[in-house]
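Just one chain is shown here, as structure tokens, and it is the form predicted on its own.
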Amino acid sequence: MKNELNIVLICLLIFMVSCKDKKNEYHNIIDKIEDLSKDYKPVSLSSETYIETLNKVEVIENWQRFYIPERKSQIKSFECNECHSKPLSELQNEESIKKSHWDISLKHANLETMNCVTCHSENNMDKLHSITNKPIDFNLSHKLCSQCHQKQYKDWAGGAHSKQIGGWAPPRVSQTCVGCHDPHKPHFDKRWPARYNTQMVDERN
């Protein structure tokens, strides 16, 4: 009986010592978090001030709601039908018409796979079109790219494959495919580093 009483007293003593009796001493990590956060006032982070002057379009892609830059106002010769009033074959033979972008060479895929009318509609040059011939607005050109580039599209919709405009705080504004890639030549050329590493050159010689 005496031994049992001693065990109870020892347990009681351990319990009392383990209780918070001094500042910054806690039973467990949950008690510590709750105590230290009771006076916490969260800081509201937002990119609104950085993007308020940006022309943007709200999109919902893969259940993600975010913004993208509005594109049509950035295209110098939009609307296209201001010049494309006749079939292209006729326009190309007229000497008086300014040849604004007929020198574009398509380096996106080989000519057996795609040409200009794969993406641009001959019937309505103010729209792009899908592989099923559905019109796609120039502001939503990512819908065109996503038909072939599904992996990159899913990463982009999730916020991984794109430049964020204004910062990482919400609301999110993501650069679109054509904001970084030339749609006619999307592959990036190899480039030398901005700073030439002379030490590495010396080590190679």
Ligand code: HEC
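None of the values given here were measured: they were computed from a predicted structure. Start at 1 and count along the sequence shown; that's the residue number.
Keep in mind that the form predicted in complex with this ligand is missing from the display, and what follows is about it.
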Subject >> this ligand in the model of the complex: contacted by all of N115, T118 and Q175, heavy atom 4.5 Å >> reply: yes
Subject >> Residue stretch of 141-149, 25-33, 38-46, 51-59 approaching this ligand in the model of the complex, non-hydrogen atom distance within 4.5 Å >> reply: 141-149
Original post:
Heavy atoms within 4.5 Å of this ligand in the model of the complex: does C180 have any?
Top reply: yes
**OP:** Answer yes if any heavy atom of N123 is within 4.5 Å of a heavy atom of this ligand in the model of the complex; otherwise answer no.
**Re:** no
**OP:** May I ask you to state whether T132 is within 4.5 Å of this ligand in the model of the complex, using heavy atom distances?
**Re:** no
Original post:
Hey, in the model of the complex, does Y67 get a heavy atom within 4.5 angstroms of this ligand?
Top reply: no
**OP:** Would you give me the residues of 40-77 that have any heavy atom within 4.5 Å of this ligand in the model of the complex, in order from first to last?
**Re:** R71, I75, K76, S77
